[in-house]
Ligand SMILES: Cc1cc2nc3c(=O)[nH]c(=O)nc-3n(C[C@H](O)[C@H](O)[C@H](O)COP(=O)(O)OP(=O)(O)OC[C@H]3O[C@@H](n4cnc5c(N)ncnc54)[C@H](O)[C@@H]3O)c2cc1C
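The data below hold one chain only, encoded as C-alpha cells and taken in the form predicted on its own.
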Amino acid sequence: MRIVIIGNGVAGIEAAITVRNREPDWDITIISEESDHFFSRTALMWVMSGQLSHRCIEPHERDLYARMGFRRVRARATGLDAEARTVSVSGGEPVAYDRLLIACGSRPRPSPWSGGDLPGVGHFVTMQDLEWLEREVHGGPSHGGRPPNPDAHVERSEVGSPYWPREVGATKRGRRPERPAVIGGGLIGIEAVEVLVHAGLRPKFLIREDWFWPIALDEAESTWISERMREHGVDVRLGENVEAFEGGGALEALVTDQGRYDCDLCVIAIGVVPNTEWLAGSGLELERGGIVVDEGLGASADGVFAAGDCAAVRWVDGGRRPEQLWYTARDQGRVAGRRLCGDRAVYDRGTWYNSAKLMDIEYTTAGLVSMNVEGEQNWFHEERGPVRSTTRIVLEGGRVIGFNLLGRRWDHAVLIRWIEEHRSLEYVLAHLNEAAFDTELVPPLVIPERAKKQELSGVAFSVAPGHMPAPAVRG
C-alpha cells in the first residue's frame, strides 16, 4: 500500500505515525516544501526572540523519519490527478499513491494593498517568514542558527509560494529597521509585536476594528491588553485602515485613512487562508478555500482525505469551513491516519479550548465564547490587587457554556468538564479555584459576594450573523 501525505505539520505527522504504528510494511511518503522536520509553529516567536533554537521547537527526535521509514520529499505539490492517483511536484516526477492525505495547512492572507511586495514587507507564519524577519531585525538567524537544510526546497519551489525566500529590506537599506509596523489585530499580530519589542523596537500596531482581537475578546478584556502593549511602547492605533505601502527599492512609508507614516518594516498579520490554490482543476470540492470533507475527513475523490487547516469540516452552526487550530489539526491527523488504514473513524471536535499569552497576560478560553449564541448571557468580574485578572463566564438557558479568562492560569480539563456537565453559574463560582493552575506563590482568586450576585449582561458583543469564529489560535 502506498500512502502519500502532503504536509509535514501536526496533522500530517500524526497521521503518518498512526499509519506506521499499524502497518510497518506500508510505503509512506511525506511531501513537504517548508521544512525537513515537523516543528511547533506556535513557537516560532521564541526562536525569533532568541529564547529557543529550531531543535527546541521540534516535538520529535530528528531521526524519526529514518526510524519510522518515512520517505521525505522536499518539493512543492503542484497538482492532483485523482483518477490516475498521482500528485505532481515541482521539478520531479509525479508521485503515485493508493491513499492520499492532504494536510498542506494555511498560507498568510496576502496583502490587498499596493506595494505589498516591496522588500521590508512580509508575514510571520511560515519557517521562511521567520527567516525573513530574523534577517530584517537581527541581520541573520537567532539562537542556534538556521534549521537543517533550509534551502533544500528552493530548486523545487516556485515564486509565489508561501515558502519562497522573501527579499530583505534591511539589506537594501544597509541598516536595520527603525520604524516598524504590524497590521492586523489577532494572535499572529500580537506575536509579531512582541518579538519586535523584544528586539528593542517600538512598532505601530494598526487594527481596523474598534479594539484588539474582537473575535475572541470583549472590549473590556481587549482594553487591558492594549494598555499593556502601550506600557511597552507600542503605538496601538485602533479603527485605522491601511491604504498602501510606498517605497523605491524598499519599504519607506505606510499610508492609512488617517495619515502617512515613515515605515521601514511591516509585518502583515491579517489572517491565513487554506494553502490549496494548487488544487485548482483537480476536481476536489472546495469551500472557502478549504477541502470539503465528510465526518470521516474523506474528500470528494476516492482514496483522498484532508486534515488540518486546509480541511473544511462541519461547524456547530452547520456550515463547513476550516478549523485553524493546532489541537484540532492534531486530532484530525489521528483520525485521518486511521482512515488511511481503512478504519471507519469519525472526527468529533468536542468542546473548544485554547490558551495563549498576550504580552505577559495569561489567556484561557473554553467552550462557546464570542459565538453569538442566541439568548446568551455574560457574567464578568475584574480583579484588581496583587493579581490583575478578568473572569467572563458565558451562560445559555441557565447553564455555563463558555469561559474567557485573563491574567491567571486555568486548567482546561476542569472548565470543559463543567461545561459538559451543564453546571450552573452558582456551582462554577463556588468551585472556580478547583480549576486554578497558578503556582503556589499566586494568591487564589476571591470573588466578592456582591460580584457573584451581579446582574447578567446580554451578548458581550456581536459578530455578523453566520460568522462564528473559532477561539482563534495560532498555527
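The first residue of the sequence shown is number 1, and the count goes up from there. Just so we're clear, the structure is a prediction, and the values are computed from it rather than from any experiment.
The same protein also exists as the form predicted in complex with the ligand; that form is not shown, yet it is the one meant from here on.
Visitor: Once the site C-alphas are superposed and the ligand is modelled as in the predicted complex, is the result open or blocked, blocked being 3 or more ligand atoms within 2.4 Å of any backbone or C-beta atom of this form?
Guide: Judged by the transferred pose of the ligand in the predicted complex, this form is blocked (3 or more ligand atoms within 2.4 Å of backbone or C-beta).
Visitor: How about A15: is it within 4.5 Å of the ligand in the predicted complex, going by heavy atoms?
Guide: Answer no; every heavy atom of A15 is more than 4.5 Å from the ligand in the predicted complex.
Visitor: Verify the contact flag for E134: yes if a non-hydrogen atom of it lies within 4.5 Å of a non-hydrogen atom of the ligand in the predicted complex, no if not.
Guide: So E134 does not count as contacting the ligand.
Visitor: When the contact criterion is heavy atoms within 4.5 Å, does A77 count as touching the ligand in the predicted complex?
Guide: Because a heavy atom of A77 falls inside 4.5 Å of the ligand in the predicted complex, the answer is yes.
Visitor: S370: heavy atom within 4.5 Å of the ligand in the predicted complex?
Guide: S370 lies outside the contact set for the ligand.
Visitor: By the heavy atom within 4.5 Å rule, which residue out of I28, L445, I31, I419 makes contact with the ligand in the predicted complex?
Guide: The option sitting close enough to the partner is I31.
Visitor: Find the only residue in Y97, W326, Y347, F245 having a heavy atom within 4.5 Å of the ligand in the predicted complex.
Guide: When the ligand is considered in the predicted complex, the option within 4.5 Å is W326.
Visitor: Just to confirm the contact call: exactly one of 111 to 119, 381 to 389, 303 to 311, 205 to 213 touches the ligand in the predicted complex at a 4.5 Å heavy atom cutoff, so which is it?
Guide: Contact criterion met by 303 to 311 only.
Visitor: Counting only non-hydrogen atoms and a 4.5 Å cut-off, give the residues of 278 to 296 close to the ligand in the predicted complex.
Guide: Contacts from 278 to 296: just W278.
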